[in-house]
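Just one chain is shown here, as structure tokens, and it is the form predicted on its own.
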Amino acid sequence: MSAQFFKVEPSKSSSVDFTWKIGGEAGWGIKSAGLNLSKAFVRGGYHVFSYDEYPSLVRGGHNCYQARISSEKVRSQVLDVDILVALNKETFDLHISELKPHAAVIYDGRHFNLVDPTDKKLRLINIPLREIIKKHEAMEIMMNNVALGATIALVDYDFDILAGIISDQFANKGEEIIKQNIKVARAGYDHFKKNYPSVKLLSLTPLPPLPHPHQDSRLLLTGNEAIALGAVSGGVKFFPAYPMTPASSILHSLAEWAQELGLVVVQTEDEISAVNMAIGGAYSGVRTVTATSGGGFCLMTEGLGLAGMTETPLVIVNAQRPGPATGVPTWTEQGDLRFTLHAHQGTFPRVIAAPGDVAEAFEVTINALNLAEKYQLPVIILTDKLLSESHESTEVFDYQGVKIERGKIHKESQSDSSKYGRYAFTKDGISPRAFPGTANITVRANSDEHDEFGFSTEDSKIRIAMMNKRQMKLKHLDKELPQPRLYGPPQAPLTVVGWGTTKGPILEAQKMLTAAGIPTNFLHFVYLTPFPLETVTKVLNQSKKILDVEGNFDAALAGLIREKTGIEIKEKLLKYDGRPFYPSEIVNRVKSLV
């Protein structure tokens, strides 16, 4: 696998926290450049959170990538930018309002002119990106590496670390490609040093990297990569899926690792095939995951009900994007909570989990696989574009500590095989599961209501008994699921409530509010159903004032809380423009309330 490991020691530099942003057209390697810079700083011992924006276009349109670099743990992007690399004039015009006073702007003055129209005293740094590319007979796309070299010089960082990252990136392209990319990056570095000797935004001292692998290493991952790693660690062997942004890179990662790890990865013709293949794989005894976005999950709902009725383990990742219909395909939102709570007609137990960061994405995926098999039901993992595609530095995952729990597996030696009932009534509602092919065992899976042996029935007493049996699982499941976590002092004057990826911005806002002398606490939901009634009621009944923060129009979590507890949250901060929350937005709202 291609996971990147980096040294984890605190930076020797004084406290550092700055944001770098690059923008230009699709096809100019914007994301690649941003990822390389992020890796360079993580490799030097810094923490990084990176976020990118792009339209649903193959070429053209405005793309940007933003990396926040800090000597302390960072959990989200911020609004203010310290360094902007503007590969075209549009980038400067679109992002000038985000620039801090005295921010640096790297641009190609021979391609377009820039004038500072503000009173921010911006530092305009003219680097002849295209001329340097032409001089070294390189491809135009390599101008992003020229800009990276200039950035490294601007913050007085170690160029050799960037060169090492470039070498890793192009390791499969040949020595000449590696040399050319490093050469143009070095030219950008040298041009800045020669022409702007008195300009220095920061002076960053990197730490020497440790050999790979190392127990104190750090990962730089997206949420999708963390889910893929969690799936592999959790024993997945089959992954059928149809690509749909922003879930697609789960498919890409698992396909890349398939041969090495012995996985079967199938790109299906559509999401209906994907979910039915996933059900078939799980029915046969193979640990299986599928992934999609909201539109694809619509197509999967009939299969979801089939898994519910047949009590087949099913794990679906729904990487939400703004809807309805095609919506805004490459942006972020938390709009599918109610949909996933009620998808498919009728009633059957399910679990819905929404990890808030890459570490939780890894852990939740493993837990989802265990829960699906132990309780023989569907588990839906809700993410969104912010988690799916943003890069976050995180401590290396505990692969050795992963525990695989398959639940009740029937073995032919346990009883008279002729009496085996796939849906046998038990005290906890969970029947022993046998797989097709088990000697002398007949396994029936029936989408009709059925008796304990799997035969169709319309008998009213059996119908009631089977419904009660399936729902009985929730009583036991509720005791096992992790409860919502409260961050901050229990008696704070204001409680912020959020779920999934609101976690990072809210925790960052909490730090800013604490520094301003305003204590808060934060109740974060990862597992949303079965609903954690006792914990939520206890915490919110003690709260003096509550603010609900969600990335949707209808405050789905606040509505769910009112439905389950009777507690109405009147103060809400909702966002549904496709952009994630910024900590400053939350800070401003909290200040207006306290």
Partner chain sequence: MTDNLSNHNILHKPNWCPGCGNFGILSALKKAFEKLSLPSHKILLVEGIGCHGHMVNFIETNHFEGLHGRPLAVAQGAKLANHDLNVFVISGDGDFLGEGGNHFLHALRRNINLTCLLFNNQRYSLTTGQASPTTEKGDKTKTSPQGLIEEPLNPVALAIANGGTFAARSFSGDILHLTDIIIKAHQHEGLAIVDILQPCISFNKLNTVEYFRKRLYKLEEISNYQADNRLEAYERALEWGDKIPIGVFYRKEKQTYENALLTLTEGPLVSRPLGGIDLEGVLKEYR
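Being a predicted model, the structure only gives us computed values, none of them experimental. Numbering follows the first chain given and starts at 1.
One more form of this protein exists, namely the form predicted in complex with its partner chain; it is left out here, but the text below deals with it.
Engineer: Among Arg218, Asp270 and Phe455, does every residue place a heavy atom within 4.5 Å of its partner chain in the model of the complex?
Structural biologist: Spot residues vs its partner chain: full contact, yes.
Engineer: Would you please decide whether Met277 lies within 4.5 angstroms of its partner chain in the model of the complex, comparing each non-hydrogen atom pair?
Structural biologist: Yes, Met277 lies within 4.5 Å of its partner chain in the model of the complex.
Engineer: Check Ala439 for me: does it contact its partner chain in the model of the complex (non-hydrogen atoms, 4.5 angstroms)?
Structural biologist: Within the cut-off, so yes.
Engineer: Going by a heavy atom distance of 4.5 Å, is Asn468 a contact of its partner chain in the model of the complex?
Structural biologist: Outside the cut-off, so no.
Engineer: Even though its partner chain is not shown here, does Phe238 get within 4.5 Å of it in the model of the complex, heavy atoms only?
Structural biologist: Yes, contact at 4.5 Å.
Engineer: Heavy atoms within 4.5 Å of its partner chain in the model of the complex: which of the stretches 227-235, 519-527, 104-112, 175-183 has them?
Structural biologist: Result for this chain: 227-235.
Engineer: Go through Leu94, Val443, Leu202, Val199 and name the one with a heavy atom inside 4.5 Å of its partner chain in the model of the complex.
Structural biologist: Partner contact (heavy atom, 4.5 Å) among the options: Val443.
Engineer: Of Ala492, Leu306, Leu122, Ala187, which residue is found within 4.5 angstroms of its partner chain in the model of the complex when only non-hydrogen atoms are counted?
Structural biologist: Partner contact (heavy atom, 4.5 Å) among the options: Leu306.
Engineer: Could you run down 259-295 and flag each residue that has a heavy atom within 4.5 Å of its partner chain in the model of the complex?
Structural biologist: The stretch 259-295, when checked against its partner chain in the model of the complex, contributes Gln259, Glu260, Leu261, Gly262, Leu263, Val264, Val265, Val266, Gln267, Thr268, Glu269, Asp270, Ile272, Ser273, Asn276, Met277, Ile279, Gly280, Gly281, Tyr283, Ser284, Gly285, Val286, Arg287 at the 4.5 Å heavy-atom cut-off.
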